[in-house]
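The data below hold one chain only, encoded as structure tokens and taken in the form predicted on its own.
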């Protein structure tokens, strides 16, 4: 089974260790959610998995290949949205998506159809021919998500995908994730919204202080209680809890 995998990842910024011996695996056809407190390392591990940051220790493999040896075709199998959507403000929504598709290796004859499909899926048709600089935060997020999926990737890495979205946008993302998984994609998603992510996740991993602290069954009744229990136990095991 095709996987995106991080093995024994450790990373420090100066004296501050942000990842510590962290293992994380994403399989094709699943939604793997990662949750954690602010500063836990969720975005950092996503950046490492995408080759944006190089770990001090450990390795990242995509379909069994170390990322240092990947070719452009290998990278085109991944779509992502990390923190702020990257768009060219002077280009229209349609132009941004066309560029995203081309950069991901989509054949020129297929770009227009795939862009039209992404525009419909993410509900940005009304703004398709507007400059991206004119978009609201929520519609900018929709554009970022459209750019992540426009080329039908094998893997999606999405950092807080419902950021700035209204309730209709949240439902749109839920539908999008389910459709991508049904297509066979593997999706790694971070979220602060436990109840929402549990609606779609196949498994939930808790990251705390740069390490995997435990897992949560998405079907559990009291997700927040379980989450804080895992974080407390991790702190207690590290001697960080005083009685």
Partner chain sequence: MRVAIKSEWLKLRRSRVTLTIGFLVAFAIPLMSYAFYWVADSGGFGPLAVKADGLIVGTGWDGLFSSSGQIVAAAAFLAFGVAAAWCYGREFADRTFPSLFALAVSRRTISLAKLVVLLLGSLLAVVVMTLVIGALGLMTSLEVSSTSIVGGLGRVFAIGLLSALLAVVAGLVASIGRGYLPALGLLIGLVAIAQLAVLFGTGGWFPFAVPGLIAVAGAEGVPAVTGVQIALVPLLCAVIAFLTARWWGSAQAV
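All of these numbers come straight from a predicted model, not from anything done at the bench. Positions refer to the first chain, counted from 1.
A second form of this protein, the form predicted in complex with the partner chain, is not displayed here; the remarks below concern that form.
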{"query": "Among the candidates 126, 72, 168, 136, the residue which, in the model of the complex, approaches the partner chain to within 4.5 Å (heavy atoms)", "finding": "72"}
{"query": "Contact flag, residue 54 vs the partner chain in the model of the complex, heavy atom cut 4.5 Å", "finding": "yes"}
{"query": "Contact flag, residue 31 vs the partner chain in the model of the complex, heavy atom cut 4.5 Å", "finding": "no"}
{"query": "Touches the partner chain in the model of the complex: residue 103 (any heavy atom, 4.5 Å)", "finding": "yes"}
{"query": "4.5 Å heavy atom contact, residue 99 to the partner chain in the model of the complex", "finding": "yes"}
{"query": "Per-stretch contact check against the partner chain in the model of the complex, the hit in 207-215, 189-197, 43-51, 22-30 (non-hydrogen atom, 4.5 angstroms)", "finding": "43-51"}
